[in-house]
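Take a look at this single chain, the form predicted alone, given in structure tokens.
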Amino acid sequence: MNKKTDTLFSHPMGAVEGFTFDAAVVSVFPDMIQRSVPGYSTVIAISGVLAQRFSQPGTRIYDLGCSLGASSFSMARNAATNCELLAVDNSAAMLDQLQTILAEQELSTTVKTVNADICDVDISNASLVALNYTLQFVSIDKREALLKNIHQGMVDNGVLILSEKIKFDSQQVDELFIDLHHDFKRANGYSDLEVSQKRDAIDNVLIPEELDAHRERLAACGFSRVEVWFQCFNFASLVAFK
């Protein structure tokens, strides 16, 4: 797929509407996320490494909030034998494009797309579940139920990958890492206008939490161990073990 440059927020928009994963976003998504999320390529690559290590033969892998399938393909290429991967997203526009990309892939792992709210998906026989930059878009009051559903649907020794934008209990530290994140975007070619308008669009749509909140919730949902394996500025990735 040819990667189009993200210019969605490059012109003054007046009142900025809330961010949605519509056809316009889908058309530039690979460029947008690469230039907006520090460490994105690392998280995608390591999702494959974790699949190689923790997926179990004859089980399922779930990519919840799969977007265009970057995590799905990384995990599918490294999955154990006879695994089935379910790529789930509530954006029909994302899945339409993913189907096109999927048709061009040569994978030994079966990949099925599911157009659904991840909170409504039945999780079963799962050895590996990825929530890469997805939980942050779920209402806080629904996050625990979702994670409990994931835990209950996992086989023994199942693993959850949880990658998120995070916030910090210190306002000074929080503001520093927000500023550094914006500097990262500028270094990747976004203008001050684009940074400002994207922030307005994402406010109240993406709700970050502190790492301790994630750890405590995962423990409450039954996960026996939670470790942060990666962090860059205000983005982090954790692994949680059943």
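This is a predicted model, so every value here is computed, not measured. All residue numbers are counted from 1 along the displayed sequence.
Although it is not shown, the form predicted together with a small molecule is what the next lines describe.
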item	value
Partner contact for C66 in the predicted complex: the small molecule, 4.5 angstroms, heavy atom	yes
Contact label in the predicted complex: N149 to the small molecule, heavy atom within 4.5 Å	no
The small molecule contact in the predicted complex: I33, any heavy atom under 4.5 Å	yes
Distance check, T134 to the small molecule in the predicted complex, heavy atom within 4.5 Å	yes
Contact at F29, N90 and D117 by the small molecule in the predicted complex, all three, heavy atom at most 4.5 Å	yes
Y40, F177, F184, Y190 - the one with a heavy atom within 4.5 Å of the small molecule in the predicted complex	Y40
M94, I161, I166, L102 - the one with a heavy atom within 4.5 Å of the small molecule in the predicted complex	M94
Region of this chain that lies against the small molecule in the predicted complex, out of 167-175, 136-144, 150-158, 77-85 [heavy atom, 4.5 Å]	136-144
